[in-house]
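Coming up is one lone chain in structure tokens, specifically the form predicted on its own.
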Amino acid sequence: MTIATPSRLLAEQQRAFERDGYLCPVPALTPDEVQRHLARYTDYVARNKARLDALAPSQKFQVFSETHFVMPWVHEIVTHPRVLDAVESLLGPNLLAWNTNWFSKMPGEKTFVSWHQDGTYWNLTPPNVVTAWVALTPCDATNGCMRVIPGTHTRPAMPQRETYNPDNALSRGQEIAAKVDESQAVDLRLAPGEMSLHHIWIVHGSNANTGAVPRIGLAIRYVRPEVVQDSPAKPMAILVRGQDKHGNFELLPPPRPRGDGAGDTAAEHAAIVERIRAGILKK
């Protein structure tokens, strides 16, 4: 059997991802890193509390999306060697960090994510895209961990409708407009500092948090530079490993340590979120 370094995937793990469309759990952050980043996340939420309280779950992307472009501590997670080594095992040596979203569910909240396939609305081809979902708190069935239907990334795309359910964390309440066999679902249980990896076309979703522990994690969408997005403007990304010889994305520099997504970075953050959303929401 091939021996891999702790942060690179074994050949067996790569084959499992190709077969099932996901891999879980994968080590990512150390306990000290988890503690440090969770404190920063908590502070960021506290600074934006008034704004968040006024938003429905489907609108909170305005605060929780694309923070890796403006906050150095989020960029630190996105460029963590353990995360990049695992993703490189699946996508190759040239990697762009295109999109990020924080997903948090507090105990008792009604927020959920309906069954959906990211590929139906991200407008990215070819599908050389992997999401790394990095947990800062425990994630299990009681507090609404991600769930996947293995193997659905290899099947034809399923029809999807938009519900605009206010409790749905997806901006348009996107859901699969067909019966999903939930008996096949797998819970992606994670300990703090672990991550899951999933394919752009796998059917996935998550239930509300019915437990006593918050569920907090960062979803990072990595793409290969040859990927093209059907978008009104060239999409933005940060080159996090290797090189980009294609020019399909506008490469932004890493964020400077000058803000936290509020104050002097708020306008910049809002403009980036709007531009990324324009590419995702294009019909």
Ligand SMILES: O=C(O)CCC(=O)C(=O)O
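The structure displayed is predicted, hence computed values, not measured ones. Residue numbers here begin at 1 and follow the sequence given.
From this point on, the text means the form predicted in complex with the named molecule, which you will not see here.
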| For this chain shown on its own, do 149, 153 and 160 all sit within 4.5 Å of the named molecule in the model of the complex, going by heavy atoms? | no
| task | Although the named molecule is absent from this view, report whether residue 206 comes within 4.5 Å of it in the model of the complex, heavy atoms only. | result | yes
| task | Answer for residue 197 alone: is it within 4.5 Å of the named molecule in the model of the complex, judged on heavy atom distances? | result | no
| said: Residue-level contact is defined here as any heavy atom of the residue lying within 4.5 Å of the named molecule in the model of the complex; does residue 98 satisfy this criterion? | reply: no
| query | Is residue 131 close to the named molecule in the model of the complex, meaning a heavy atom pair under 4.5 Å apart or at it? | reply | yes
| in the model of the complex, which of 49-57, 63-71, 23-31, 213-221 comes within 4.5 Å of the named molecule (heavy atoms)? | 213-221
| query | Within 4.5 Å of the named molecule in the model of the complex, heavy atoms considered, which of 190, 83, 113, 124? | reply | 113
| query | Along 85-123, which positions have a non-hydrogen atom within 4.5 Å of the named molecule in the model of the complex? | reply | 103, 105, 113, 116, 118
